[in-house]
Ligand code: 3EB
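The chain below stands alone and is given as structure tokens, in the form predicted on its own.
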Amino acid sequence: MRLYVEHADDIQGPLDNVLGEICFSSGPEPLIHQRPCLIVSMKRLDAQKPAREIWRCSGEIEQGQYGDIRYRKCEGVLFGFISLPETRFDAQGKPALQQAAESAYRQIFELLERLEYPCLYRFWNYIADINQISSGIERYQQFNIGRQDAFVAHGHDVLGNAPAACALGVKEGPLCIAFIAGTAPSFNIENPRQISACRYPQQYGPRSPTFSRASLLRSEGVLFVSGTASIVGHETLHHNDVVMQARESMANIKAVLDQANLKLQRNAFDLSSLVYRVYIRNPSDFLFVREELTRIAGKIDVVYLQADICRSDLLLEIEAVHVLNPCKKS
């Protein structure tokens, strides 16, 4: 199995090796060919066209649907997505978002058990009004409760062996989740500058976020870096300073890369070799963030998007992936 990723305005070349796609668009729904594609209502800041992140793999691809999930898989790796309107759930019991998160993750775990793709590598979660309070609790915290309930119900570790992930806010729409899983085990990477998110104190909610800082597929040279922000220990640093938050976020990513290189016992990863997605809360901060990331990492493969971040005092979040990518031009 070989897994590749590229950013593009649209798919170029054959469709038969496209494993899946995430498309970010704030305008009319873009044209999607016959393949799994999660469409997220999110504005791109660095161009007028929708941002497409396209995943490809080698080998024969099989497409299917399970419950609300659409997926494609090839030997060793699977890409899928699910979109669940909160209106489907009874808000008189548990909060509707909590129910939607638990339902989505239960369906994902059931699918992976059925197909025997047991190893979780990466989740992307997109949540409407992520920082708002409803039913007496922040919506991101509601999501964390539902997600962790599903992890526990299916026997997945929530303390130290979770996949890479991010959770970002959109203005409106259903709960949207994309994921990559496979048959080969991955190694979870933590950041020595930060407390594991799975062990955050209760000031951040009754349940900790369930993710690791990165997921490493050692045999494939693939590294999934989770959404990373200006957090040291468990506290947000550099309130109201987007440039310093960008600098701290990149320092955290560098620390994760160092840990991954130690795991591999060679210098396989550096800041300039990653494919980035950068989420910025305030569009007016875009140019400042782009200038700072260029200063730190040079000319990089990056897409900038407007999004709310999981903490209201965070101004941006950065995620990344490293793959041995034949699509990337040198």
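For every residue, the number given is its place in the sequence shown, counted from 1. The structure presented is a predicted model; accordingly, all values stated were derived computationally and were not measured.
Same protein, other form: the form predicted together with the named molecule, not shown, and the subject of what follows.
- in the predicted bound form, which of the listed residues (C166, I177, I180, I108) lies with a heavy atom within 4.5 Å of the named molecule? Here the answer is residue option C166.
- Item | Contact residue in the predicted bound form, chosen from N191, S215, S249, N125 - any heavy atom within 4.5 Å of the named molecule | None of the other options qualify; the answer is N125.
- Task: Heavy atoms, 4.5 Å, the named molecule in the predicted bound form: which of 181-189, 144-152, 238-246, 93-101 makes the cut? Say which one.
- Result: Contact criterion met by 144-152 only.
- Within 4.5 Å of the named molecule in the predicted bound form: all of Y140, Y200 and F211, by heavy atom? Checked in the predicted bound form: all three residues contact the named molecule.
- Does the named molecule come within 4.5 Å of any heavy atom of A229 in the predicted bound form? Result yes; A229 sits at the interface with the named molecule in the predicted bound form.
- Wondering, does C310 line up within 4.5 Å of the named molecule in the predicted bound form on heavy atoms? The answer is yes: C310 has a heavy atom within 4.5 Å of the named molecule.
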